[in-house]
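Take a look at this one chain, the form predicted on its own, written out in structure tokens.
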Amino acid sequence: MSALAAGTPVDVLPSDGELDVPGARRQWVLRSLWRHPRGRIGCILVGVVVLAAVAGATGLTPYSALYQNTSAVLKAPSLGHPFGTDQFGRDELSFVMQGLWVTLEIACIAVAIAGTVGTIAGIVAGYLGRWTSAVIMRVTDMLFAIPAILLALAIVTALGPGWLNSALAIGVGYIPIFVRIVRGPVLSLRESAYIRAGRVLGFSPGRLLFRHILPNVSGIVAVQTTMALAWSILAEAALSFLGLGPPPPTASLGEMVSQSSSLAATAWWTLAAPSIAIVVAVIGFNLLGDGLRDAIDPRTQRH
């Protein structure tokens, strides 16, 4: 007698290509990502950025990031100071490494807020439908009507500058994106055969949402997360450039760009160092997301 006939609860899993072994699937995605040219470049750039940020956070920098050497003010790049020094005699490379950590920390917290809230809201809106979906999507539309950077500016202005307020402001601005990209696939998944079978077997909505639907949208959430990290880095740099990021003496790439903008004509390296760091980080996460998307769904590969 089958388990179903005997009344024994069984998990209803996808079939015909939907059934998957998570470990094998992850290994296949990672191999495909590394074979993908854009994905490989993205992995390398993101790896360099993360290693530099961790080194900056743990003090593994050529010099103390806040050490001011008055005898080495505005020194051009050299062997001793590969990125030169700033107007206070601080080593630009060390300061950029510490700034990378602060920027990535804010970006990661912001994306964690946006991804968690947006994914849950998108799943609930797509699965429950009716008035629940209407309420969630109308709130999402209201947030979408305001550009993310303007919404972040308004929130930080209201709450005050600081790394936590910056992360919260950026995260709220990107919640609607996650809601939209998750809700669409869930609308299709809720009518699939294995979800209908789960309802017949009496599985709770929570079990269906988080054990069967969530794993099927995790791929697009992962891709969107890498893209959102790139956008969050730019948003954090913009807020810090306007003086709404972490206050000094905390290093921030946007603040470094702001402070060195007036020195661009006489000490170009003070502007180039943080700007290059921002560009490399943004390009790295964008390429990583591009490669991850193609690795998860080979049908989207472009030749």
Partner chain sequence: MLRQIGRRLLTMIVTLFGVSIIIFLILRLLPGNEVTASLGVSAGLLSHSQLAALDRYYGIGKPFYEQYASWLGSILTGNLGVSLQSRIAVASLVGAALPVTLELAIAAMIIGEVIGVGFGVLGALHPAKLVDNLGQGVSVFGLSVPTFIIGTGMVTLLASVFHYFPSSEGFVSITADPWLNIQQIFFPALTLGLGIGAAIMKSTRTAILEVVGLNFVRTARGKGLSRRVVIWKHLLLAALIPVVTMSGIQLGYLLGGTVVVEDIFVLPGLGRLLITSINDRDFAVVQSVTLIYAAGFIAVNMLTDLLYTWIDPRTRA
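Residue numbers count along the first chain shown, from 1. The structure presented is a predicted model; accordingly, all values stated were derived computationally and were not measured.
Here the subject shifts to the form predicted in complex with its partner chain, a form of this protein not shown in this document.
Colleague: Decide whether A52 counts as a contact residue for its partner chain in the model of the complex under a heavy atom distance cut-off of 4.5 Å.
Modeller: So A52 does not count as contacting its partner chain.
Colleague: Given that the partner is absent here, does P147 sit within 4.5 Å of its partner chain in the model of the complex, heavy atoms only?
Modeller: Yes, contact at 4.5 Å.
Colleague: Give a yes or no for Q27: in the model of the complex, does one of its heavy atoms lie within 4.5 Å of a heavy atom belonging to its partner chain?
Modeller: No, Q27 is distant from the partner.
Colleague: So in the model of the complex, is its partner chain close enough to L153 to count as touching (4.5 Å, heavy atoms)?
Modeller: Result yes; L153 sits at the interface with its partner chain in the model of the complex.
Colleague: Please tell me which of I278, L33, V46, A65 lies within 4.5 Å of its partner chain in the model of the complex, judged by heavy atoms.
Modeller: By the 4.5 Å heavy-atom cutoff, the listed residue in contact is I278.
Colleague: Using heavy atoms only and a 4.5 Å cut-off, determine which of C108, L214, L187, L159 is in contact with its partner chain in the model of the complex.
Modeller: Partner contact (heavy atom, 4.5 Å) among the options: L159.
Colleague: Can you confirm whether V117, S204 and L209, the three residues that make up this candidate site, all sit within 4.5 Å of its partner chain in the model of the complex, judged by heavy atoms?
Modeller: Answer is no for this spot.
Colleague: Between 256-275 and its partner chain in the model of the complex, list the residues on our side with a heavy atom within 4.5 Å.
Modeller: Heavy-atom contacts within 4.5 Å come from V257, S261, A264, A265, L271, S275.
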